[in-house]
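The data below hold one chain only, encoded as C-alpha cells and taken in the form predicted alone.
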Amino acid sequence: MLYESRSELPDHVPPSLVVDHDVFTVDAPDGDFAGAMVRLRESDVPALFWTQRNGGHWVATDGEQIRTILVDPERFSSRAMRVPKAANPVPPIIPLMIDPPDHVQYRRLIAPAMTPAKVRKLEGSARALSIGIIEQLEPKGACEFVSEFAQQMPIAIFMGMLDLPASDQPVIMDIVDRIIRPDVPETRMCGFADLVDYTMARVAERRAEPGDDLVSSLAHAKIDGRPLRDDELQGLMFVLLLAGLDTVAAMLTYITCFLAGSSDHRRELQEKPELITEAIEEFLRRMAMVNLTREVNRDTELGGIVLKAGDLIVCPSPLCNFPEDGTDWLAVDFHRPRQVHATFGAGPHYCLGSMLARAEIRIFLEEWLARIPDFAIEEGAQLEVKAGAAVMIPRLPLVWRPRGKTT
C-alpha cells in the first residue's frame, strides 16, 4: 500500500457513500484484475463511492458513469492522472495531463508516428524481434513471461521508433518499473528524475544531430511558431515511454495467463487463425487494466451526487466493458459480437497507440502459438497483481515441452 493515511471526510460527502477501499490493493489471487473489479461492483458498494485512502477520492463503478466522466473534459479534467494529488508528476506528462483544446496540438506531434502506414512499417521488425525472442525461449521449456517476453517486445519496438540504442534497454526498463510500480512514493519521484535526465540527454543529442526518428521530430517541433520548451519535451517523451510500454506488457501478460489455463481457446486460435482479429478485440475488452483518474473541474452532480471542484475520481477501465445486463461478460468468447470497450480510454484522450498495440498483440499470438502451442503456468506459482495507474501481473512463470522432446 503506497499511501496508507486516511484523509478527513469532506463536508459534501455523505457518510453513506464512504467505503474503505485502497485502489493500490487488489484482491486478485488468480491474477484477474478485471474480475476483481467486477466483484467489487457486485459487493453492493455504491455506484459512486468515496474512500478516505490515498488522500481521499471518489471511485466510479458504473460503466455508463465512467464513460460520461471520460468523454466530458469540461467537467472532468485530466490534469491529475493518479491519486493522491501529490503523486502526480511535475511538469505534467503531455498530452495525457492536458485538457482540450490545448492537448490537441501536442497529440498532433505524436500522431504521425502512429498512422497505419507507420505501424505497418514497424510490423516487420516487431515480428522478427518476437520470433527471435520466442525461438531462444522455446528450447528451454520454461520462462518468466513478463521479464523475458512481455516487457522485452514492446520496449524494443519503441526504442526502434525513437532510435535509442539497444544497450539502453535495461536502463529504461528499470526506470519505467520504478515509476509504474514503486515500493514507496519516493521511488517514483526518483524514477521520474532519472527519466528526465535520460530523455533530455537524448533530446540534446538530436537537437545537435537530428535523424529520421520521433525524438528528432519532437526536438525540432514548434507550437504556435515557437520551439517546444524542455518541460513540454519531457512530457511528450514520458508519455511515449511510459504509456506505450507498460500497458502493452500488461495486456500481453493477462492474455498469456488466460491462454495458459485454457487449452480450448489456444486450440481454437491455432486451428482457426482467421479468428485472431476478433480474439484481439475480445481480449482487449476482457483484460482492461488501467485505473484512469480525473479531477472535477467545477462543482457538479453525477448520478445525483454532489461533486466539488478539486475532487479526484478513479475510474477502473474494465467496468466500462462489463455491462450489468445479465450477460456473462467475464467469459472469453471469440464469437461474441464486437463490443465498444474503453480499454484504450474514451473521449479526447483515446489512446494514440491503440493501432500499434493491436499489431503487437497479433504478432504475439501468431508467432508464440506457432512455436509454443501448449504451455501452462508453473505448478505452485502464486499469481498476484500489482496496482498503479496500470495494473499488471508482475511475474508469470510458464512451462512447456520443447519441440522434439518426448519425455
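Just count from 1 along the sequence shown to find any residue number. Every value quoted in this text rests on a predicted model; they were computed, and no experiment measured them.
Keep in mind that the form predicted together with protoporphyrin IX containing FE (HEM) is missing from the display, and what follows is about it.
Next item on the list: Pick the stretch from 141 to 149, 257 to 265, 215 to 223, 95 to 103 whose residues have a heavy atom within 4.5 Å of protoporphyrin IX containing FE (HEM) in the model of the complex.
Entry: Of the options given, it is 95 to 103.
Check: Just one of L356, M37, L365, A60 has a heavy atom within 4.5 angstroms of protoporphyrin IX containing FE (HEM) in the model of the complex, so which one?
Finding: Among L356, M37, L365, A60, a heavy atom within 4.5 Å of protoporphyrin IX containing FE (HEM) in the model of the complex occurs only for L356.
Checklist line | Candidate from A126, I155, M289, V83 lying within 4.5 Å of protoporphyrin IX containing FE (HEM) in the model of the complex - any heavy atom | finding: Among A126, I155, M289, V83, a heavy atom within 4.5 Å of protoporphyrin IX containing FE (HEM) in the model of the complex occurs only for M289.
Notebook entry, point to check: Do F344 and protoporphyrin IX containing FE (HEM) share at least one heavy atom pair within 4.5 Å in the model of the complex?
Noted result: Within the cut-off, so yes.
Check: Might H349 be said to contact protoporphyrin IX containing FE (HEM) in the model of the complex, defining contact as any heavy atom within 4.5 Å?
Finding: Although protoporphyrin IX containing FE (HEM) is absent here, H349 would touch it in the model of the complex, with heavy atoms inside 4.5 Å.
Checklist line | 4.5 Å heavy atom contact, R294 and protoporphyrin IX containing FE (HEM) in the model of the complex | finding: Yes, contact at 4.5 Å.
Margin query: When the contact criterion is heavy atoms within 4.5 Å, does T199 count as touching protoporphyrin IX containing FE (HEM) in the model of the complex?
Written below: No - in the model of the complex, heavy atoms of T199 and protoporphyrin IX containing FE (HEM) never come within 4.5 Å of each other.
Margin query: With protoporphyrin IX containing FE (HEM) taken in the model of the complex, which residues across 101 to 135 come within 4.5 angstroms through any non-hydrogen atom?
Written below: Heavy-atom contacts to protoporphyrin IX containing FE (HEM) in the model of the complex: H103, R107, I110, M114.
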